[in-house]
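Take a look at this one chain, the form predicted on its own, written out in C-alpha cells.
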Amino acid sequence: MVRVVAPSGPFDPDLFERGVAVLRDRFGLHPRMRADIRAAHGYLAGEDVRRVQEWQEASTDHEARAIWAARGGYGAMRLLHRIELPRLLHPPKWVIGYSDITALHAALNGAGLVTCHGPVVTQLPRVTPEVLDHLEAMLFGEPRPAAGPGPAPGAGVAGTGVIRAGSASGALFGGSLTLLAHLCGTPYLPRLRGAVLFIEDVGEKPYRLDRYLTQLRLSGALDGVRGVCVGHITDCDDAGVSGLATVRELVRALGVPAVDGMPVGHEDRNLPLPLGSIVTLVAPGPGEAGPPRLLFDQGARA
C-alpha cells in the first residue's frame, strides 16, 4: 500500500487520476489518500493545517510502504518546522517526488532517510517506459538487465557529458537547485561536505541559476562537495544565453568531478535517484570507456 499526499500545490484532476491508475495497474499498488486531497487554497493544496495533518497520517501509517507526492509546485518547505521527521525512520518508507518535494527530501536525507527523487503522481502518465522500469527496479528491489551501455535499471543512471573528468563517491543529495538555494540558512539543508550533489531545474533564467549556485558557494554549503551531477536544465535559456552552459561554467569552477545530461528532472524522461544513498560518480576522461554515469553503490532500497 502507498499513501498519496499533496504537500505542495493543487493538481490537474485528470492527470492525477491517470497517475493513480499507473500506481495501481502498472505497479500493483493500493493507493490510499485523504478525501480532501484535491483541496486548493490559492497556490497551495489546501491550508497548511490540512497538509500537515495529511503528512502526519501518512508517516504514521504502518501499512504504507511509501509516500508518493501528487505534485510539486510550492508549499512543502512551509511544513518542515511542523512535521516529525523521525517517524519515517521506524520502519523506513520511501518518499517519492521531485521539484518542490526537494524540500522534504533535503530534510529527510539530513535525518538519515534514503528517499526517491522521481516522478510525482501527475507526471506518471507522461513518463517514458524506461522510467517505469527504473522505478519498478528501485522500489521493489528487482534490478533488470542493462539494455545499453549504461547502468541497468536499479543500478544507476547514465549521463551524456563530462564537465570535469574524475570519479567520486559519497552520499547523494540534491534536487531542485532553486529549492536548495532557498534552504540555505535553515537547518534543513543537508551537510554537503563529502557528498555527491545532484541539481536540476526548470524555467529559471541563466542569471538566476548563477545566483542560486553562487549563493550556495558563498554560504559555504558547497565546501567539500566531492562531485556534481547535473540533470535536466529545462526551459532556462534566455536572450541567447544558455542555462546549461551557465551551470556548467559554475560547476566546473568547483574543481571536482562533474557530469551533465543526467535524464532526471522536469522532462518525461525523469529517471529515479536514491537520495541519501551512497553512490559513485564516474566522469570518464579521454580514452576511458563507458558513458558518464552515477552508480548506486548501496543498491536502491530505502
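Predicted, not measured: the structure shown is a model, and the values here were computed from it. Quick note: we count residues from 1 along the sequence shown, nothing fancier.
There is another form of the same protein, the form predicted together with a further copy of the same chain; it is not shown, and what comes next is about it.
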Looking at 124-132, 190-198, 105-113, 211-219, which one sits within 4.5 Å of a further copy of the same chain in the predicted complex if you count heavy atoms only? 211-219
Please tell me which of A171, M77, V162, A155 lies within 4.5 Å of a further copy of the same chain in the predicted complex, judged by heavy atoms. M77
Would N270 count as touching a further copy of the same chain in the predicted complex under a 4.5 Å heavy atom rule? no
Against a further copy of the same chain in the predicted complex, would H81 count as a contact residue? Criterion: heavy atoms within 4.5 Å. yes
Residue contact check: A137 to a further copy of the same chain in the predicted complex, 4.5 Å heavy atom: no
At the 4.5 Å heavy atom threshold, is P206 in contact with a further copy of the same chain in the predicted complex? yes
Determine the residues of 180-205 with a heavy atom within 4.5 Å of a further copy of the same chain in the predicted complex and present them in sequence order; the list may be empty. A181, H182, L183, C184, G185, T186, P187, Y188, G203, E204
